[in-house]
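Here you get one chain, nothing else, as structure tokens; it is the form predicted alone.
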Amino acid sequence: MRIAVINCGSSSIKACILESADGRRLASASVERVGELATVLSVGQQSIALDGADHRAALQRLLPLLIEAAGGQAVAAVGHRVVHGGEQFDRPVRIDDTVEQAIEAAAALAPLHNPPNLAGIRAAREVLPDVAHVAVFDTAFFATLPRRASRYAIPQVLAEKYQIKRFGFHGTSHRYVAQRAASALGSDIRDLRIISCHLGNGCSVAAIEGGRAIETSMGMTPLEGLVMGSRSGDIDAGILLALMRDGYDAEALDALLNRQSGLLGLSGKRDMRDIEAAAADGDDGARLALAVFAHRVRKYVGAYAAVLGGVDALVFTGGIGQNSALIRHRVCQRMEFLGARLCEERNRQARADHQHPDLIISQDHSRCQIIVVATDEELAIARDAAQLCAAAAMADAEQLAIPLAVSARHVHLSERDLGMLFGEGYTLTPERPLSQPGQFAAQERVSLVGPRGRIDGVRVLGPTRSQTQVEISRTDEFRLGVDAPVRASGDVDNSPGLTLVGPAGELALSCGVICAWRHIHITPKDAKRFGVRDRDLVSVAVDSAGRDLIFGDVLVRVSERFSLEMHIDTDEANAAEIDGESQACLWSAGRDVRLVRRTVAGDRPKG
């Protein structure tokens, strides 16, 4: 699909037309010094003076020339980069007037970025009113951050009032390079733990587990985290208080931290190439800048390795990450404890670009692979826009029903543990069959005892399994006093334990307590109809009586043994006021399929 991509900054515009399927660039254009006397439009080898042109005027000239340079064929859609989506946007959206208003409302969170992004959107919609316009948000990839990673330790009433939380940025880049890294390794991204380092004038690190972001260095704004070209990154808030007492106001602090600090503040230079050259000539400030920069990146990598519980791939991208062998060398020093062993020769030779998009620079026996990836945010935006257009084209397609089961807390027991709780040789007594073939709710119940509390009468499901597993909700978690991870069924490694009490004995579990990952059981035939694959992550929007809700990160599980059904827990059902008349939409791989007449039935054990 032929897609135009527009990235509007405060004083520049970058645009291109490409084929979303293979990434071929058909034409590119740019405008520099927007709004100044020396405004210049460049299309291919052609330069045109646009003295004083604003975004609207510049795009009115740029877009027709760009389409002509690409062969004159109309584009199917226009993808727009938008830096901040606030709490409202966690995925690409088709732009209408309401979306424009929401982007404008989020401008307070990104005052340097969202206003020019919005100016470009409005101008492009005027010039190309008959094609779909899609907003792709830098913050959307980090909507999956757990609360422990996204919340700041301030009074929550203030956090809610001012939307103070970790949003994260560079999400489009981090998502793209993580997928490229998985492809370079010949692995499924859902099996990998990746630390992605986007190093350029702006810098950020992301911890990515199973394709989902679980930590990132940038925060409510792009100022937090690593040392950057002119941004300070992490800084003691007490320093700001001291400066304020000495007369600095908000504007002065903004200028100091965003435009006068970072590499520029340490060395007097903001371009890493200039800093490396000056350091080689003995400049002490440049040497300090290199040391501080690399140290901060290495510190975050180590921290995120702990968060992930290990690392399969360490990825470098961005202008510095792709081109500076020296920075990669410094960051990877003393990383052997992670199993990351840099090959110095490969590192020196590595220069990733669109022709060589991913290069492995680790040693052959490195347990953690080190990869340089050429980021391509334009291609990522184009593919998002193409997928959304494909979804819209299917909106009137066949409506497919998915039954919904609300699953209360329950226990799966191993044969050995069943004997310990109910007596040797004991057999579960089926009370009623469940919707999944061969599964049943048993008459037997046990008690859960945690560090803080106890829950009695918890249903046992059969048949027995190879390993005991306890599935609870977040509400149960607080009641029991345990910190259960969100996991797919059967994935209980490094999960907490508790005590099970049965009529014949007690059992102290060392692990096995999880909050079940919301999921859809689906047959291969139905998976083909929905356009999903095993272990895809999809989003389900529930249309209920005044409590519409989107469930993100719904895990797809495909097997001939399954019966079509979506499973959520009681907390999730209560949040959306799920009932038998609820409706929903499923998004996955660019597909948009209506789900109708949802039912609350199936395996809903009592207790």
Ligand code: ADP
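Remember, predicted model here, so these are calculated numbers, not experimental data. Numbers follow the displayed sequence, beginning with 1.
If you look for the form predicted together with the named molecule, you will not find it shown, but the lines that follow are about it.
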Notebook entry, point to check: Would R122 show up as a contact with the named molecule in the predicted bound form if we use heavy atoms at 4.5 Å?
Noted result: no
Point to revise | Close approach of G319 to the named molecule in the predicted bound form, 4.5 Å, heavy atom | key: yes
inquiry  = Even though the partner isn't displayed, in the predicted bound form is H133 close enough to the named molecule, meaning a heavy atom within 4.5 Å?
reply    = no
Give a yes or no for N201: in the predicted bound form, does one of its heavy atoms lie within 4.5 Å of a heavy atom belonging to the named molecule? yes
Only one of 161 to 169, 263 to 271, 244 to 252, 218 to 226 has residues with a heavy atom within 4.5 Å of the named molecule in the predicted bound form, and that stretch is 263 to 271
The listed residue (S366, S324, S232, S473) that reaches within 4.5 Å of the named molecule in the predicted bound form by any heavy atom is S324
The named molecule in the predicted bound form has a heavy atom of only one listed residue within 4.5 Å, and of R529, R351, R465, R533 that residue is R351
